[in-house]
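Okay, here we've got a single chain as C-alpha cells, the form predicted alone, with questions on binding and movement later.
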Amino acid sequence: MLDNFKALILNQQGENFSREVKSISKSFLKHGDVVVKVDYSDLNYKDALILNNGAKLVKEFPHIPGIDFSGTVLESESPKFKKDDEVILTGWRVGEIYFGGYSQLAKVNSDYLVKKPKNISSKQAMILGTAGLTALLCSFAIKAREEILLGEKIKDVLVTGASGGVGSIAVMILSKFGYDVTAVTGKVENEKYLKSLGAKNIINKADLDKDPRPLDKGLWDGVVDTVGGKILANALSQTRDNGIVAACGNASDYKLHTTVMPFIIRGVKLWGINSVTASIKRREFVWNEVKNLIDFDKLEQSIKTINLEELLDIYPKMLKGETSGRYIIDLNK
C-alpha cells in the first residue's frame, strides 16, 4: 500500500481557485468501499471545465477531479471485488461530487466499478473512457432497430460531430457493424482520418447547420448525433421510416427546434443517451464487445500520453479548441 501518493488537488478560497499536484496520504480519501491503484485516466471536455473553475459541478473543496480511470483493486470492503481485480470507472459523477481519477490511488463506491475485460489493457480502456462508452451505447441504440424492434436491416447511418471523441469512435463501430457511414465534420483536415476509421462519405457540417424542413428526403436509417441544435433537427427530418436517432451531445446547441412530423409520419425514434448513469449491466455488455469493434492501432494514432503535471498545461488549450485527438494520463509517469 502506498503511504503517500501523488494527486491533483483543486481548492477554492473565496475568489481564489487553485490546482496543484501534491503528495497526499490515504486518509485524505473519503468516499467509497474500494481502493484502486490507478493506472490511467483521460481528459474529457467536462474534466477541462472542472479544472478551469469547478464548472459549478464541484460542491466541496479540496477536491480530486478526473471523471474516468482504470486500475487494480488494492483493498475492498465489497463482496463484488477482491484484491488484484482490474477495474474501469466512468461517470457516476465521480470527479465531480466524489473524488476522481487524477490520483495514484482512488477510493470509490463498488457500485460504480466494472471489471475490465481480460482482452483489453488498462490503457486501452482509457483510450475509450467516457467518450468510447458513449459511442458504444449510441451505436448499439442504432442496432436496436433490427435486433430489438425487428425492423428492416440498417444500411445508411449518419454521424454528426464525427471529428470529436464520441463521433470518431462511433464511425469505427458502426462501420464494423457493416453499415455505410456518412461522417459530418467542419474540419476538412480530418477527412482522411475519418475515412481510415471506416467512413464511406463525408459531409461538411455547414450543409446541415441551417433551418430544417418539417420533413426532408429520407436519407438515413440511423443517426448518432453528438452536437444538437439545427444539425440534429435536420438529421431528424432526413431519417427514414422507423429510423433511430441516438442523441448524446450539445456541442452546437442544447435547443432543438423541430416538429412532430418525423415522429408521427415516419415513426422515427429519438433515443437519448446518458452514459453517466448507464446501468452496470449495459456497461458490462458494451465493454465486453470492445475487442470485436475497436481497432486500437488506428485510434492510437491520435493518442497523446501525458502526466498530471503536463495536464495542467493541456486543459486550457482544450477549452480554447486548440487540441486534437485524445489525451491519456499515465498516473505512474
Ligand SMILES: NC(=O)c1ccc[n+]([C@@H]2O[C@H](COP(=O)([O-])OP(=O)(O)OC[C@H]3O[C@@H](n4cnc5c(N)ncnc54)[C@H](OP(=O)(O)O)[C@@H]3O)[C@@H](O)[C@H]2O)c1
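Given the structure is predicted, the values throughout are model-derived calculations rather than measurements. Numbers follow the displayed sequence, beginning with 1.
The form predicted together with the ligand exists for this protein as well; it is not shown, and the discussion that follows is about that form.
Only one of the listed residues (127, 197, 141, 227) places a non-hydrogen atom within 4.5 angstroms of the ligand in the predicted complex, and that residue is 227. This chain is displayed alone, yet in the predicted complex one of 87, 231, 94, 245 has a heavy atom within 4.5 Å of the ligand; that residue is 231. Contact with the ligand in the predicted complex, judged as any non-hydrogen atom within 4.5 angstroms, is confined among 249-257, 233-241, 114-122, 96-104 to 249-257. Remark: residue 178 does not count among the residues lining the ligand in the predicted complex, judged by a heavy atom distance of 4.5 Å or less. In the predicted complex, the ligand lies farther than 4.5 Å from every heavy atom of residue 182. Under a 4.5 angstroms non-hydrogen atom cutoff, the ligand in the predicted complex has residue 187 among its neighbouring residues. Contact annotation for residue 205: at least one heavy atom lies within 4.5 Å of the ligand in the predicted complex. For the three residues 36, 41 and 71, a heavy atom within 4.5 Å of the ligand turns up in the predicted complex in no case.
Contacts with the ligand in the predicted complex, taken as any heavy atom within 4.5 Å, map within 150-173 to 161, 162, 163, 164, 165, 166, 167.
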